[in-house]
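First, one chain by itself: the form predicted alone, in structure tokens.
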Amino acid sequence: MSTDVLLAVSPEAAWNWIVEPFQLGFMIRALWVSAFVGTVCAVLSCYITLKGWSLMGDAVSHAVVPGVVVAYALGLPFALGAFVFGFGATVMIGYVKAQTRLKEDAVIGVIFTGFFAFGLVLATKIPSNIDLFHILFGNVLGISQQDIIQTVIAGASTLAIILFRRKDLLLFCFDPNHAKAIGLNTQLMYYTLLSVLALTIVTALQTAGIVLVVAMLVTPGATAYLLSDRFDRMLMISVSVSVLSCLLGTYTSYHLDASTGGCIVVLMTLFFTAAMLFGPKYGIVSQKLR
């Protein structure tokens, strides 16, 4: 066996291969940013799961594309444009649903595809340094200092709003009729939840991109929902699954030279599959064994 082969399989070489990403500044930034984004998405994911707003998250994530393009073209923070267009799309969905006989899923399908298509047209016609691939699939490994600041501000704002109105939001998501009966302003809760949804999508843009951010908003909460009936425990499981997936996915993407957002979502999906099959109470295999 040659010296090169022995060196390749030596414990020292294996250890250097393992710790190599932690010696790079951009990887350290990517790891803590993705963990932060995973925490924000996981917290909101529990409320989205209870409310049944998975499709709404898909709509808002696609609707922010023209906002990102316009913001870059005008030299404004991308987070501002993304939030304005994302929240604007949700308001438009509510208005069209109230004024027509269409059901909500049909309205969402029309609005978000229209916004997304408009964003693609702007991205191809407005001269800018925007990489459409990074908008769609994220680029946390190449995230700039300015984008980190925007991500942290949007994420911290989301967590602060949820923490401040957590009980009202939980009641609104779980039983809106009861919330209205006891005097809670359900219209305000509706737009509050839409606001934090738009802010969370802005937070996750650099990590997962438009296409994959929906998975980060839905999968952690759905996984936790299969494992616990208590909301506080569900919240802890959701955050744990999301953060672990973000850290391992970012680390794995470096060695595989693959999409970071894609690796994160694949791991989240594996956690969901394990919960669906082997969850102690609601797992398919566990139920059959009982």
Partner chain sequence: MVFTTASSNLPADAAETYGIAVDNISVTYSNARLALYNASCYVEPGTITGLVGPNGGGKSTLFKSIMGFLSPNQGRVSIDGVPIEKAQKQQLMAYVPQADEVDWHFPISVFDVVMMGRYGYMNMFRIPSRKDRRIVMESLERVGMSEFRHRQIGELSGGQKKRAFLARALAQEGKVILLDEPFTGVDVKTEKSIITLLMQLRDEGHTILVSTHDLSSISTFCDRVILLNQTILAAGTTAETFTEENLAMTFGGLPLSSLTSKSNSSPDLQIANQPGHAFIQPEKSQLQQSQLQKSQPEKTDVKGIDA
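If you're wondering where the values come from, they're calculated on a predicted model, not measured in any experiment. Numbering follows the first chain given and starts at 1.
There is also a form predicted in complex with the partner chain; it is not shown, and the following applies to it.
Taking Val43, Met234, Val68, Val265 one by one, only a single residue has any non-hydrogen atom within 4.5 Å of the partner chain in the predicted bound form, and it is Met234.
At the 4.5 Å threshold, heavy atoms of Gly183 reach the partner chain in the predicted bound form. When the partner chain is considered in the predicted bound form, His178 lines it closely, a heavy atom lying within 4.5 Å. When the partner chain is considered in the predicted bound form, Tyr225 lines it closely, a heavy atom lying within 4.5 Å.
When the partner chain is considered in the predicted bound form, Arg230 lines it closely, a heavy atom lying within 4.5 Å. Of the candidate stretches 81 to 89, 138 to 146, 170 to 178, 114 to 122, only 170 to 178 has residues with heavy atoms within 4.5 Å of the partner chain in the predicted bound form.
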